[in-house]
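One chain is shown next in structure tokens, namely the form predicted alone.
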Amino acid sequence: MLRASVVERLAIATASTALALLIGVTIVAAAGYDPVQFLVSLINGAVGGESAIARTLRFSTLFILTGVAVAVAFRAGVFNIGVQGQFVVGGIATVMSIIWTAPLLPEGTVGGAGLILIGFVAGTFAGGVYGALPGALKAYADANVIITTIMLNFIATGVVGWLVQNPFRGEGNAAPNTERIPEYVSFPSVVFDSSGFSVIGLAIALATVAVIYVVMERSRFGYDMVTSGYQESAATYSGVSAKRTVVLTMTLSGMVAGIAGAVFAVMIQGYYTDPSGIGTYGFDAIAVSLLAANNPLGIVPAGLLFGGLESAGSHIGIYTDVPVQLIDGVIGLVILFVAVPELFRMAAVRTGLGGDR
């Protein structure tokens, strides 16, 4: 795997996907369900028509953004398991900032664009601050970043859940939801006529990937990030403040997660609800990032794969009688088979086994 070219690694991933699907279809047949119908539904659910493609791209947009947030930290040797919490904080900050400032701006396209900008700035800032907190604890108090980020996930879910049930709850809402943001605060429907997806959201995700790639691969800050994460003594010797860089790394990771939360709030929901009931995009993003070997550019195809599987799974659950547990098992097999070769490659790089690259 260390000596495999990009084409060879792509071929391995394709073969792994085919093998996983073959095993999955065999399990479905052994359980007494129609394997052909399952496979057809899997394809139709991912790319079988405009609505299916829009649904796949909607999930993929969020997986790409949250995957990049994880990759930023992982590439720097900081294990940010708190992307889900930063995603939630960014989302609620986006919604409430739009609701609070809407009366101050005119209605219509111009006002809507201004409110979206305000919401994204608020969401990005809130996610960055929430990411900086465990970074500071790691840098200056030697706290275990895995434990602190996991705890902060629960804190974000609990606090935001209380806020939407009490002070932020929309007037007259029976469910624990905020009031809706104005209808003119939304992404335009371009190419796809879908209420839950806009190409603008996907463009934001791809632009974020490009910016993060340049920062990590073509800037001194990106070099300092990786050096501080893996060789703190070398970074300090070269004049880089390792502690400060760790905090900035977690801040950048949280900012990207906040952007993901903002896209989710504006493009998909239009309000905010109890975060315990929303998707676990921040947790799934860990697998997305690992599948892409923590490479920002590799996050795009990995996010598309996860988005397609998520879309197919929801389609199969609605239109077939296959149990959801079996659907999740087959999807898990695909993810496992595709990710394992890259995990072995990453382990060999980290440990020095398998020879030189």
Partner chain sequence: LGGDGGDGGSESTTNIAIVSSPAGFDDNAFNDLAVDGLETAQEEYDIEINQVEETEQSNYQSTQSTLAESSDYDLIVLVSYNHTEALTQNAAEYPDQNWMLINAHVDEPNVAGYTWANHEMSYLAGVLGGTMTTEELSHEGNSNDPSNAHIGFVGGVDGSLINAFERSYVAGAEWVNSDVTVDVGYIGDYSDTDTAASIASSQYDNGADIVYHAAAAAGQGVFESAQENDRFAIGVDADQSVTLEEFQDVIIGSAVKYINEGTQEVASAVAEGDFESVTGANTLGLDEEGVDLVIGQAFEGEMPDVVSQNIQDAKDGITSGDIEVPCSASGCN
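Quick caveat, the model's predicted, so the values are computed rather than measured. Numbering follows the first chain given and starts at 1.
Another form exists, predicted in complex with its partner chain; not displayed. Remarks below refer to it.
Note on contacts: among Thr251, Asn177, Ser97, Thr208, the single residue with a heavy atom within 4.5 Å of its partner chain in the predicted complex is Asn177. Mapping the unseen interface onto this chain, Asn173 counts among the residues with a heavy atom inside 4.5 Å of its partner chain in the predicted complex. Although the partner is absent here, Phe59 sits close enough that one of its heavy atoms falls within 4.5 Å of its partner chain in the predicted complex. At the 4.5 Å threshold, heavy atoms of Gln165 reach its partner chain in the predicted complex.
A residue is said to contact a partner when one of its heavy atoms sits within 4.5 Å of a partner heavy atom; Ser195 meets this definition for its partner chain in the predicted complex.
In plain terms, the part of the chain that comes close to its partner chain in the predicted complex, with a heavy atom within 4.5 Å, is 276-284 out of 118-126, 276-284, 104-112, 252-260. Of the residues in 317-331, those that come within 4.5 Å of its partner chain in the predicted complex through at least one heavy atom are, in sequence order, Gly317, Ile318, Tyr319, Val324, Gln325.
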